[in-house]
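The form predicted alone is given below as one chain in structure tokens.
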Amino acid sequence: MLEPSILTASLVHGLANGAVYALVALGLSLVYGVLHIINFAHGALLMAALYGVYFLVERLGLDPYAAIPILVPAAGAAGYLLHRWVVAKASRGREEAVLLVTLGIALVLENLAVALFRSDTRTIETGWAFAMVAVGPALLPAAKLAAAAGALLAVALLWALVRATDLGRAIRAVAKDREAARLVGIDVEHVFALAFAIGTATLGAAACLLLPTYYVSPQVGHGFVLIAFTIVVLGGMGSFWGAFWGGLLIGVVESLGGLFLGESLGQIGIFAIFIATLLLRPTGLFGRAV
């Protein structure tokens, strides 16, 4: 029988990880909801953002959390330009071509990272990296709790942007019916690029929150993008709250799986849930049947 403190620590640890997973998945879900395509470059863009945080910390001496006001706008601008000048132009509006273009972007970014940084794993050191906080009977890393709080704040800001601003209304209009949105004067191509930019900006925020307790390498995006795809399918393709609750659920499942099955087998539960969702509810927990 496990000690209550161990089980509590595992649950809180899972929720903390799940909040960051949800933030990464929300960017992917937003792009799918508006553009109706799956962005295969999502993991590679997260990797690039992690390298951005790494060099801001190592070269400029910034705290990773202090890098958020720099990296989030930079990531958003990069996402906008990437969609406007690469994805849109190369795909010429064909959704099947967008998939190939984003896959090509992922391959280019990953190989460029290998050429520039080799396959070395890099981490950062902060003065508070080993600080612990008591949560009930459990002790948890302060950095992990700070990342969870930051991710939840970012999710709340993203929700407010989508629901309470003119840009959010335009995004929802394009997501629902792009031709009708075009008829009422919305610049659909601009909204596409902005949605892609917001999805990339969430990766900038996630990178700043992740790096104090994680690492960066050219292949680091692979694991995150698999988890993000699982969350998006679990919650329902294009569903905001589906991605949020799905992220928390996957974080807890991963943590408890690692506790009971060991770290090497901890992610079995994630893929079991993924397969069960596809079999029993293909539209996801928050998706609507067609």
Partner chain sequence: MRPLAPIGLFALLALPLPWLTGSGTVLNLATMVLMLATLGQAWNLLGGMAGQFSFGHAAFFGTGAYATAILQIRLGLDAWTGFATAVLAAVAMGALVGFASFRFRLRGSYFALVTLAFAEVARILANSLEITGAGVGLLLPLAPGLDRLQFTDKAGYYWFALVLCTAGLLIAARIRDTRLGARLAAVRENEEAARALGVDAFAVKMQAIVWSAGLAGAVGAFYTQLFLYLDPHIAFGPQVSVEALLGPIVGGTGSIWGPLLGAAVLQLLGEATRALTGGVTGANLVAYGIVLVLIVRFFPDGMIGLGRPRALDARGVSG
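Positions refer to the first chain, counted from 1. Here the structure is a predicted model, which is why all the values come from computation and not from measurement.
Only in words, not in the display: the form predicted in complex with the partner chain, which the text now covers.
Worksheet item: Between the options 104, 150, 141, 168, which residue brings a heavy atom to within 4.5 Å of the partner chain in the predicted bound form?
Response: The residue in contact is 104.
Discussion item. Within 4.5 Å, heavy atoms only, which of 89, 190, 176, 163 is in contact with the partner chain in the predicted bound form?
Written reply: Contact residue from the list: 89.
Worksheet item: Want to guess which of 251-259, 61-69, 231-239, 44-52 is within 4.5 Å of the partner chain in the predicted bound form, heavy atoms only?
Response: Only one stretch qualifies here: 231-239.
Worksheet item: Three residues, 81, 121 and 127; all within 4.5 Å of the partner chain in the predicted bound form via heavy atoms?
Response: Zero of three within 4.5 Å in the predicted bound form.
Worksheet item: Is residue 245 one of the residues lying within 4.5 Å of the partner chain in the predicted bound form, judged by heavy atom distances?
Response: No.
Item to complete: Flag residue 134 as yes or no: does it have a non-hydrogen atom within 4.5 angstroms of any non-hydrogen atom of the partner chain in the predicted bound form?
Response: Residue 134: no contact with the partner chain in the predicted bound form.
Worksheet item: Is residue 10 a contact residue for the partner chain in the predicted bound form, using a 4.5 Å heavy atom cut-off?
Response: Residue 10: no contact with the partner chain in the predicted bound form.
Item to complete: Find out whether any non-hydrogen atom of residue 181 is located within 4.5 angstroms of the partner chain in the predicted bound form, and reply yes or no.
Response: Residue 181: no, not in contact with the partner chain in the predicted bound form.
Discussion item. Residue by residue through 200-225, which ones have a non-hydrogen atom no more than 4.5 angstroms from the partner chain in the predicted bound form?
Written reply: Just 222.
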